[in-house]
Each structure stands twice: as C-alpha cells, then as structure tokens.
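Below you'll find only one chain, the form predicted on its own, shown as structure tokens.
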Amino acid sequence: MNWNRNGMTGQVAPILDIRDIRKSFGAYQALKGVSLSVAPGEFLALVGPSGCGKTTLLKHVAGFEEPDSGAIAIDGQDMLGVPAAARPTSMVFQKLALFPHMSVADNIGFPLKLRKVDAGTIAKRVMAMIELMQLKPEYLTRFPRQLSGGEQQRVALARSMISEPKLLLLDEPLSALDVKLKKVLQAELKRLHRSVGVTFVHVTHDLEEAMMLADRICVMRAGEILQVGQPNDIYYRPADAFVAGFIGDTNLLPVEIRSVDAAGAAVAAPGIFGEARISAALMAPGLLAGPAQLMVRPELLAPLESDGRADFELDARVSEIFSKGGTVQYRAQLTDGSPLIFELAGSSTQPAGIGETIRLGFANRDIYLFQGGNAG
C-alpha cells in the first residue's frame, strides 16, 4: 500500500496514520471506520465512555488485533500483518505485567535480551533508564514486590522505553494508583515525554489527566471519533453536546434559535435571560432555527452585585454545596427548573446558602451554542 506522506497539516508527516479501521466481534461493531493521524513527538490522549473502542484502537496500533478492513502505517510503513514484536511500538498496560521472578534490572532489560543485545550494552541501557526514571541504583537487584506502586510504574515505563520505540502506547497505566501518587506519576509522564521526544498515545478514563498531559485529545463514542483537538478547544469549543457533557462539568441551558444567518443567530431563553444575539464564532456548525442548548462552563459564572451587569444574567436557587478546598461547587436550579452548576474560588464566606437565590452573570465570549437534544 502506498501511503500519502503529506502529513496532518500538509507540513509534517504523521508518525501514526490510521485509515478507516473497522473491527467487529460477532455482531458487535467495536470500531466503525476510525481514521486518525498523530504527529511525531505528540502526546495524544484517547478518551470516551467504557466500550467506546479506545483500547481496541490502541491494540490495533500495537499489533494485538488485526482490523477487518482499513490500514495502519507507522512512520510511513504499512503495518498490516506485521506482528506486535516487529512493530516500532511499546505498550504499558493497566496491569503492569512485571515479571515477579525477575529483578528490576532483568525486567527493564528484558526487551533487549529478546533481541539478543549483548549483556554489556543491556547493562548500560538499563542504567540510563534508571536515571531517566529517577530510580535509585540499588533498586536494580530488588524484585517488583519489594517496590511501591509508583516505583513499579516507573520500572514498567523504563522497560517500555529501553528499546527506543517510535510510539509509546499507554493503556490506563495510572488508573489503579491512589490520587496523590497518580498526581506524582502524571507529572513524571509529562517530564518523560518532554525529555525523550517519543510519541505517546495514552488511553485514559481520567478527563483531568487527559487535559493536563495531552497535546491533543481524541474523544470517542460507540466505535467512532467525535472530535480531535487541543484540550482548550475540546473544553470550550466541543463538537457537540455529548463532548461538552463528557469533558468536565458543564451547563447546557435550553434556548430557542429564532433565526440564523452568516453572522450568527438570534436566541431566546424565556425565564432565563430573555433574548440575545450570538455570533457565528460561538456556534457549532450547521445550526438551524429551533430548540438549542447554550453551553457555559461552571467556572465562568460569577455572582453579580446588586448594581452589577453582565452580558447574560440569570437567577438560580442553590440546592447543594460541595467544597473542593481551593474551589467550591454549587448545584442550583433556574426559575424554569433547569439544573445549573457554578464553581467559585474557595473562601471563608459563601455568596449563598442552600435554599437561597443568587443572581449570576457570564460573558458573551464564554458561551457556545449547540442544536437541541440531550447530551447523554
């Protein structure tokens, strides 16, 4: 197969090029024509609900699954029929699969031993990996059971990196760790990616983790890709209401599009904020007159003083308050019964208590408009 080397933007050839991959397990369609390109040195996160196909896609890249149709190229080379061991990839699994009977040194050096690299070279490369992962040299003689969870994670990463893969594939490797340790390892992953320049493709259920680590995020649902973009674009300019609701807490206010033209739309929201004009830059493509949803993220809502003004204003009755330490999340209801979430910086005082009504405002630039329907 001849591969187009023009790359993702016409300037950089992709290191990973996935074309129309389809895969079924019996009657179940796991992947429905997935196409995706990843640039050299990029950190891409695959996210989506359970069963959406993200791990299945990763296994296709690794060579553990073969597609029913479509193709995958790595660095311009067609991978169809190429076994996993012969691909320029390495994979870190959720269950780290360290060999319990082997020392840390032997675990890390195992991929090179399989390739019959001489013992002296293996020892040097193992030491380089120990330094890269910031592990103590004395750990080399220990066994995995003698290490903490975080140390075992670093050993697994060292083993995956020692063969210098072109692609490092990560299948939720941090999901079993406690919150504090996970934060530490997230920072380590970011540092590792920056220092070695290898392309990372990372499957995660942790949306905050994806936002923190990835250069781009790919959102999947039911075997299809809904949107690929930079974290900020995915968060503030999602492709549809599902993506908006999946990537973090959000508010989707019911509104009515009265008219649409090239410049924007006239929108009415009786009982919320009256009528408004919204520019085309703040609208999802292809909107038509009729029911719609206006998205505003919780942290972009702010209490209004008695004489304060905002582009949009609404009244909400607080029903629950959740302290997160540095921030406080308020769950409320609008006068028409619609749910609302707003989030404020932590403070020794609260602008409203449970059962109280508060007036909130938000800016025109902070909204995004979708066609009607639910986000589920």
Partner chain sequence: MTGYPQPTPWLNARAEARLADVLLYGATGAVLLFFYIPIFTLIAFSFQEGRFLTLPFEGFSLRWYGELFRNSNAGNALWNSTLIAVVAMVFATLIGTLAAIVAVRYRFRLRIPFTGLAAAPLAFPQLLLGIVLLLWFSVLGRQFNFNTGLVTAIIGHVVYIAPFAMVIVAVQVFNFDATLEDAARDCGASNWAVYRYITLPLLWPGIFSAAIFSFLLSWGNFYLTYSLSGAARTLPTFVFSGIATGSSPLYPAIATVVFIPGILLVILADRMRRRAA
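Positions refer to the first chain, counted from 1. Only a predicted model underlies this, so the values are computations on that prediction, with no experimental measurement involved.
As for the form predicted in complex with the partner chain, it is not shown, yet the points below apply to it.
- Under a 4.5 angstroms non-hydrogen atom cutoff, the partner chain in the model of the complex lacks Arg277 among its neighbouring residues.
- Residue contact check for Phe93: one or more of its heavy atoms lie within 4.5 Å of the partner chain in the model of the complex.
- Although the partner is absent here, Arg194 is not a contact residue: none of its heavy atoms lies within 4.5 angstroms of the partner chain in the model of the complex.
- Of the heavy atoms in Pro173, none are within 4.5 Å of the partner chain in the model of the complex.
- Only one of 224-232, 197-205, 83-91, 210-218 places residue heavy atoms within 4.5 angstroms of the partner chain in the model of the complex, namely 83-91.
- None of Leu288, Ala119, Leu114, Ala281 but one reaches within 4.5 angstroms of the partner chain in the model of the complex through a heavy atom, and that residue is Leu114.
- Though the partner chain is absent from this view, in the model of the complex it lies within 4.5 Å of a heavy atom of just one residue from Lys136, His101, Lys180, Lys124, which is His101.
- In the model of the complex, the partner chain lies beyond 4.5 angstroms of every heavy atom of every residue of 250-287.
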